[in-house]
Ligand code: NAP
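Next comes just one chain, in structure tokens: the form predicted on its own.
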């Protein structure tokens, strides 16, 4: 067996899990409406069919006060139970096990009915919570217990009590959000009473044969958070109160240390879980940025934990466990931790999905089935859109020829994977290369498709991508003016002082590429922890240390025409990380810039109608893209049925999420 620790059963006494993989909790948006529970059931059933040992649902509130947002998922009333039985029956029919996560948002609730230990507003929501009184606390504890009973009635194998990430229970544990002086605050012991009472009373209500997972915040990463001795003491109390397993929680949502984005090293926090080993006897679950079987096996073999928790990797590939058990890790569609279609969607009140797997959470709608009529189809361009389309077409039984003028597949992903913190993008290209081989696609690398060579195909899909938009100011033809392609693909020489024109996603990527010293800190956990101020010795409260970013390799000015701070339009869950990274590297970011000319002195600009000279050696242009549709008119004139996808269709930034989904949906419709 290639992964003996990962695939070993875990005996929990009354229940034995077939392997050490927990599908961690993640909100999808399907939890919030009764009409979506059939879709939610199909989503979980596919992961159970894929072999995951234990599933935890997205968070369900135990009361209206505990809502994440108005009318969000809740399990508190008798009539809620029936819809949940759809989920548990679907999972059990596939041989799986599933727990319901009970999550009370506390002051993170995005609604005016929110409550908290103290009336202290969080920095990430606009509503000031109402402080719970003694009766309110007693009622809230009963709400948790009632929710667990309802989960048991609905057929769940257990519950997970969400005690981390800065939600209500976590808020009770620290002085920053609990300034009470009664029996529920004022000392560590009193602050810890709330979660202990919840678990103790819950165990008494559900009996011994029902799992209670407690999600313990082992690293708060916020000022005035818990100390390590306090966390150990709480873990022991939770064990005594009747928990079955302890899951690891890392960081509050308001923390200014990234914990799950792609720039966080793989398995960056398993050392925290390991520190709790020996302090309690319960099985420990570790989490965050574990996305491939080799990583999970190494973590478990080292004794860092007894189980690994993964949420987004099972969005990306629901058959992750089965492929690992069959020694087919190369076949896994790896999560690249981009957050673009999962967490970003959730924060925008959209249904979650996955950039590399658009079927995630759309299992009942995006069904890839055999084609009614087998066609001969050419796909031109082997970037993300073309790869998605070509492989889906081949899966459906079409005869597919994939043309690519470069010597390798990948398109813009070959540049993206060079950005510090985006090395994971190489995994997507590895996956598609494997699919091309398995499906026996006719792959034609280093081949320029022409209207003549495309004669005879039933359909032609143009996934020809984009061309960089140039600038037209005096001096823009000078040798020191480069495009982002010159820098990222062609390794053009860049001087020590650089102006980047354009502060969209590509501009930020180029800036990070040019300031970072190789190799990237994402390959070194200790180095990354120093950069962001994570205390791996746990001697500092909440695991916070003073950040010590390394000196930048170059001096960078990142410029945009539109007024305001650059980076406002970056993705919600990752944009702040990019902005913080460049700020730590002393990158000057300016908005409202008018470009006048380039000469031997540098770049002449106007800011707030005042002239400025940026004495730079190199100017890199990241001013957007134009669709590359050179073949379209010729093909249409020749009567060849032609489709546009990806950047060739819409060149607004480089949207791999849209490109991959568009490629799959088109392939499913042909």
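A quick note: this is a predicted structure, and the numbers were derived from the prediction, not measured. Numbering follows the first chain given and starts at 1.
Not on display, but discussed next: the form predicted together with this ligand.
> Does residue 117 reach this ligand in the predicted bound form if we count a contact as any heavy atom within 4.5 Å?
It does not: once this ligand is placed as it appears in the predicted bound form, residue 117 has no heavy atom within 4.5 Å of it.
> Is it the case that residue 562, even though its partner is missing from this view, gets within 4.5 Å of this ligand in the predicted bound form, heavy atoms only?
Answer yes; at least one heavy atom of residue 562 falls within 4.5 Å of this ligand in the predicted bound form.
> Should residue 571 be counted as a contact of this ligand in the predicted bound form, where contact means heavy atoms within 4.5 Å?
Heavy-atom contact with this ligand at 4.5 Å: present for residue 571.
> My question is simply whether residue 516 lines the interface with this ligand in the predicted bound form - judged by any non-hydrogen atom within 4.5 Å.
Answer no; every heavy atom of residue 516 is more than 4.5 Å from this ligand in the predicted bound form.
> Hey, of 496 to 504, 318 to 326, 163 to 171, 84 to 92, which bit sits against this ligand in the predicted bound form at 4.5 Å between non-hydrogen atoms?
Among the listed stretches, the partner-contacting one is 496 to 504.
> Could you check which residue among 40, 619, 54, 622 gets a heavy atom within 4.5 Å of this ligand in the predicted bound form?
Comparing distances to this ligand in the predicted bound form, the residue within 4.5 Å is 622.
> Name the residue from 143, 297, 157, 509 that puts a heavy atom within 4.5 Å of this ligand in the predicted bound form.
The residue in contact is 509.
> With the partner left out here, which residues of 467 to 487 have a non-hydrogen atom within 4.5 Å of this ligand in the predicted bound form?
Result: 469, 471.
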